[in-house]
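We begin with a single chain expressed as structure tokens, specifically the form predicted on its own.
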């Protein structure tokens, strides 16, 4: 998101909003951990910060937002940033579900489950995906909140439920996440790919990211339309999205 705003500042503002001086617009990225992309490898962390800095993003790591009054952002290190626009992109807290014992709910809203995604001691209640918190040897703090985890848990749970319905003493299979890799895009021609056997960055990584996301889109028609839009935006550096901004002294 920070990379996208940096590209908008460079490509969109000068053409569409010449009355807004680009050098007066700053993009800050505030990260509570010591590095960006903390869930990825040190390789990805290093080059993501390098890419963002090169794009003009002001990256501040190891800091938290303590207070925001609509105009000033107060950080945990005492620094204050003046801004009327703050975007929170660090996740959400799940809504508690009635009937689930409180000792199974984490502060984040996730629900503790066993290895078959059952909410113990509720025999007929299961939770999968982002809302499920499953501790394993490989993931003692729970699985990453990724689509592949949710899909894998859903498939495994469906097979287990079929066994429960058809067999008297079913042998249920525990879920084990197989990490196929992680990808992140920072901007045009800038991406990071972490695979179990290789790590790479740059244009090739960006093309891999684009291709895999395109393949996950349903229907051939949708794939074709989105591919054409992506190609047009890449060639022209022009987006169909527009904002209508008024001067302060104009009446609405």
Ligand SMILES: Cc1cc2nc3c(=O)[nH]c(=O)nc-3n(C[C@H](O)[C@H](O)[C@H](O)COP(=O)(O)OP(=O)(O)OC[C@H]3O[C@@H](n4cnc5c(N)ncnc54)[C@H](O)[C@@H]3O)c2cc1C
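Numbering follows the first chain given and starts at 1. These numbers were taken from a predicted model, which means no experiment stands behind them.
Form predicted in complex with this ligand: not shown, discussed below.
- Message: My question is simply whether residue 92 lines the interface with this ligand in the predicted complex - judged by any non-hydrogen atom within 4.5 Å.
- Response: Within the cut-off, so yes.
- Give a yes/no on whether residue 125 approaches this ligand to within 4.5 Å in the predicted complex, heavy atoms considered. Although this ligand is absent here, residue 125 would stay clear of it in the predicted complex, with no heavy atoms inside 4.5 Å.
- Query: Within a 4.5 Å heavy atom cut-off, is residue 142 in contact with this ligand in the predicted complex?
  - Reply: Result no; residue 142 lies far from this ligand in the predicted complex.
- Message: Taking any heavy atom pair closer than or equal to 4.5 Å as contact, tell me whether residue 152 reaches this ligand in the predicted complex.
- Response: No.
- Among the candidates 148, 83, 76, 136, the residue which, in the predicted complex, approaches this ligand to within 4.5 Å (heavy atoms): After the contact test, the surviving option is 148.
- Message: Using a 4.5 Å heavy atom cut-off, which residue among 97, 158, 164, 106 comes into contact with this ligand in the predicted complex?
- Response: Among 97, 158, 164, 106, a heavy atom within 4.5 Å of this ligand in the predicted complex occurs only for 97.
- Message: Taking 4.5 angstroms as the heavy atom distance cut-off, pick the stretch from 67-75, 111-119, 125-133, 165-173 that is near this ligand in the predicted complex.
- Response: Selected stretch: 125-133.
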